Each structure stands twice: as structure tokens, then as C-alpha cells.
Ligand SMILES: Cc1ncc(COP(=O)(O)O)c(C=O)c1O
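Okay, so here's just one chain, in C-alpha cells, the form predicted on its own.
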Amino acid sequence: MLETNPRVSNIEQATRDVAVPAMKLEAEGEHVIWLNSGDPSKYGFQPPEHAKKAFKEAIDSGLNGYGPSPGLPELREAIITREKKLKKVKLDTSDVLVTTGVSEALQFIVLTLDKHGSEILIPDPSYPPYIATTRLFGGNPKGYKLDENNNWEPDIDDMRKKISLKTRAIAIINPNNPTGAVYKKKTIKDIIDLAGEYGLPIISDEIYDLLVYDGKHVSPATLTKDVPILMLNGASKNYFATGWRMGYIAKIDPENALDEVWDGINRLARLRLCTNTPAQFGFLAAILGSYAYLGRYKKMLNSRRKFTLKRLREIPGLDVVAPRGAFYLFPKYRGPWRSDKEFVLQLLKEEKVLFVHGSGFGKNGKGHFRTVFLPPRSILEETFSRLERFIERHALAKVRA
């Protein structure tokens, strides 16, 4: 038997890994309520019609060949327009690179920054690819604490303690996955100041920047004066086109500190040739077209968010911080389970409801689980009735024991 690279064998992606036993149950004829994935298309949310039309027209017009490695020039111009309008950020087309989703953007950045054993500071809890990608390329994902007692805001003191001579960048995810937190302006400013003090760039994941229900999203790119920012965004969440796999990196680099890094990232882009050409035309139309759909969708999502929060807070044994953005809640549970993964898998087995175990998002996620509030209210009601029944049953069994 051929041996594999151990870094590949050890890859974990919690949101997808838990789907394996759920698919097995469905193959046996069971019906599972899937709340493990932030995929709005599963619950009727679709990209805007003008974007879908442009995607289809590109295919029908024969625009099915290779595109430029950095992305179509007109799409990059549209991204520049978007970021200038939303964040007052000035970019040139050479500062924008179109990627196959934010996942590829992250891979390009981590691989380019990596020196053997180097560290990237990531939020803890964090979206799992930040952990897995850094490890895959030989680096060390070093988690800094998100403070549950402070609405899951980054703990700046803990972040400072985690910086070492091996640190290559600080990553932030805002609005946050898995907690739904939206960071205060002061927090963002503190992170910028800390990064500047140690000469570090910031990787700023802003894929949910338009999906804020309470407060306002603040981008580091809006506040920085000299600290370089690699801003990540794409079509998956704000434009509800998860399967199109459209993302981008925008480089904000006031003092040209990232010239070599940016050259490396573009070399990787050329190595993989290009992203999906017809999808780029769809993404272009989404950015430049009407955003009326977004108002309707946010109203629906906000209603489901409020119901989910209310319902979870009614269940004994659960504590949850109100999310202010994205699609997620990250409750803490109490009970007899030996681990959060056991909690999630036992719930799946007994009640056919699938969440994601909190430890899959990092050490600070232990004792939690992540759920989405994407489904309609009828599904959410059934979900939390099953969850409440499950928790009460096991709490009673513990008392009897």
C-alpha cells in the first residue's frame, strides 16, 4: 500500500466531516435535518436573477475558455468599485486577484507566507479551513481567544501573548464564523495597532460583510494607514452563490510591504491557470446589479435569527450569545456528554438533527456546537423541539443514575 503525506491524512474539516454519518443514516432511509452547513441554497436562497442570467448568457455566448489568471479585467474593476463604495478603499486592478472561492484565496496566502514552522494567528474558535490549510502547508495555526463573555470579541491581550518571532500574519473573520460576532470599531483599530507594532499584515475575511443585523461592519481596510491588509471576499454569502466558487483577494498595501508576497500569490494563480470564466460574468453582474434581493433575504434571515435565539434560550442547559451577523449561532451546552463531538453525533443518531461540534472550530470551541438559522421557521421549530427533547432525556437519565 502506498503511503500518503501525513499532512493530508490529518486534514479535518468539521462542517463536512460530520456529514458522513448523516449521509449514512439517509442511505438507510432516515430523514435528517441538516444544520451543519452555511449553504443558503439548501433553503431557497438563490443568487439574484440578473447574476444567474449573466452566467447563463456567458455560457451560451461561447465564453467558456481560459480567462486571465488574475481574473477578468471587468470583474476586477467591479470589485474595485464595490470596495470604494462600501469601504472608501482605493484599489488598482493590479491589487485584485479573483480566486476559486475564499478557500483558494486562503491557500494562496498561507502557502506564500509560509516558512517552515511559521505561525499565523487565527481566531479561536475559527472557520476550520484556517486551521487545516495552515497545517497542510507546514505552518502552525496559533489560536487567539475570542471572548464569549464579551460577545465573542477578540481578546487583544491574548493576541499579543501569542505573537512570536515565527508569526507571519494575523487573521480575522468579521462577521465571524462560527460565532456570528460583528466586531466593534475599537477592536478592529486595536488589532491594526498591534499588527503595526510587530510589522505584521492582516488577513481580513469579510465574506459576510453585507450580512449584518445589529450594528455595522467595519473593515480594517477602512482604518489602516500603514498596516498592509489582504482582504478576502466573494460570491458565496452576500450574493448567495456558494456553488459558483467565486472569491477574491484585494491588497491594501500603503507602504508596499507586500510586493514579494503579492508576486508569490500571483505565481500560484498562474500555476492553477484561471478560475471559472462563465461564473466570473455572473459574479460581475451580481456586484454591479440591483441589491433589492438582499433586503428581502436579510429580513427573512433576521426573523429566523431572532426566533432561533429565543428558542435556544428557552432550552434548559444551553447558553448562547446573540449573533449580530452571518448565518450562525454557537451555543454552549451542559450535560453528561464526554465531548461536544459525542453530543453532536448522539443527537444525530437519536433525533436525526445535524449540528457541528464546537471543538472542530478550535480549542476555545469545546463544549459548544454550531447551528445555522437558514431554514424556514417550521424546520427550526422541529429542530429545537428535538434538541430540547434530547437534552431533557439525557439530563433526566443522569439524575436517575
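Heads up: residue numbers just count along the shown sequence, starting at 1. Since the structure is predicted, the reported quantities are computational estimates derived from the model, not experimental observations.
As for the form predicted together with the ligand, it is not shown, yet the points below apply to it.
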{"query": "Residue contact check: Pro201 to the ligand in the predicted complex, 4.5 Å heavy atom", "finding": "no"}
{"query": "Touches the ligand in the predicted complex: Tyr144 (any heavy atom, 4.5 Å)", "finding": "no"}
{"query": "4.5 Å heavy atom contact, Ile207 to the ligand in the predicted complex", "finding": "yes"}
{"query": "Interface membership of Tyr328, the ligand in the predicted complex, 4.5 Å heavy atom rule", "finding": "yes"}
{"query": "Residue stretch of 179-187, 219-227, 73-81, 102-110 approaching the ligand in the predicted complex, non-hydrogen atom distance within 4.5 Å", "finding": "102-110"}
{"query": "Selected contact from Arg245, Lys298, Lys162, Lys166, since only one has a non-hydrogen atom within 4.5 angstroms of the ligand in the predicted complex", "finding": "Arg245"}
{"query": "The ligand: the contacting residue among Lys237, Lys251, Arg311, Lys87 in the predicted complex [heavy atom, 4.5 Å]", "finding": "Lys237"}
